[in-house]
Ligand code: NAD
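Quick setup: one chain, the form predicted on its own, written in structure tokens, and binding and motion questions come after.
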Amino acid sequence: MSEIDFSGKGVLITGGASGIGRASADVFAARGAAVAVSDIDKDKTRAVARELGNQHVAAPGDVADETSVVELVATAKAGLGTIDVLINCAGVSDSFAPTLDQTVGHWQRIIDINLTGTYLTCRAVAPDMLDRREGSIVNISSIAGLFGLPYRNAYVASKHGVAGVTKNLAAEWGQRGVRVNAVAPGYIKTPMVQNLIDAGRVDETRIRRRTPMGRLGTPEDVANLMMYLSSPLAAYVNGVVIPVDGGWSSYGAAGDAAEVD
């Protein structure tokens, strides 16, 4: 994708201090973009912005809080000049618990961050994009936004919701020059997934066997797709939710998809 050039473009990345968000910050910066890194962890946010270089901006904030979202978008816009691309990576994982053991408070926290946070940031950047009749938004759904994953009600509901919001906004804003798409990662080797593996909640070998490519994805695998969707190469792509899962969602046989060591 060396022909993709984001020079002169401003890119806001939520959840940009780690995982897929951090990989996205690196990918866009390497293609010439000025990046505004946003994350709830202020220290990590500022550290990542410093590591990226002087032209990049720290815009810490909580995507689940409307006032905070307005402030972080204003900070990003002030530092970048314009926000041409929004990459929504902020999110949290679910606990693995039977439905009858799940609390409403836990449910609400997941929905507030993953779904409401995506909605709020999309809405906050949209006015300028719509006025300029140009912009791209890429949200993160999940294979949990395409299928059911038992014991993870809130996460599955939030990611299905992200897919729905993506399609709705694409239908509403496409004629005004703003494209909205989403990616649906499978099991990606992020710190969040590594924590689940270390806690024994996710069996890495079993997932690799279930995935036709025989491995977990990398944050860069997802970041590269998000970069493509944000680029002129995807100028007629709007309202899609694209799996990036090594073939996980395509496999329907009863046995293992791949032989792994």
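Since the structure is predicted, the reported quantities are computational estimates derived from the model, not experimental observations. Note that residue numbering follows the sequence shown and begins at 1.
What comes next is about the form predicted together with the ligand, which is not displayed.
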*Answer with one of 157, 113, 146, 80: the residue that has a non-hydrogen atom within 4.5 Å of the ligand in the predicted bound form.*
113
*Work out which of 33, 63, 58, 223 lies within 4.5 Å of the ligand in the predicted bound form, going by heavy atoms.*
63
*Hey, of 99 to 107, 164 to 172, 125 to 133, 180 to 188, which bit sits against the ligand in the predicted bound form at 4.5 Å between non-hydrogen atoms?*
180 to 188
*Touches the ligand in the predicted bound form: residue 18 (any heavy atom, 4.5 Å)*: yes
_Is it the case that residue 140, even though its partner is missing from this view, gets within 4.5 Å of the ligand in the predicted bound form, heavy atoms only?_
yes
*Quick one: is residue 192 in contact with the ligand in the predicted bound form, heavy atoms, 4.5 Å cut-off?*
yes
*Although the ligand is absent from this view, report whether residue 90 comes within 4.5 Å of it in the predicted bound form, heavy atoms only.*
yes
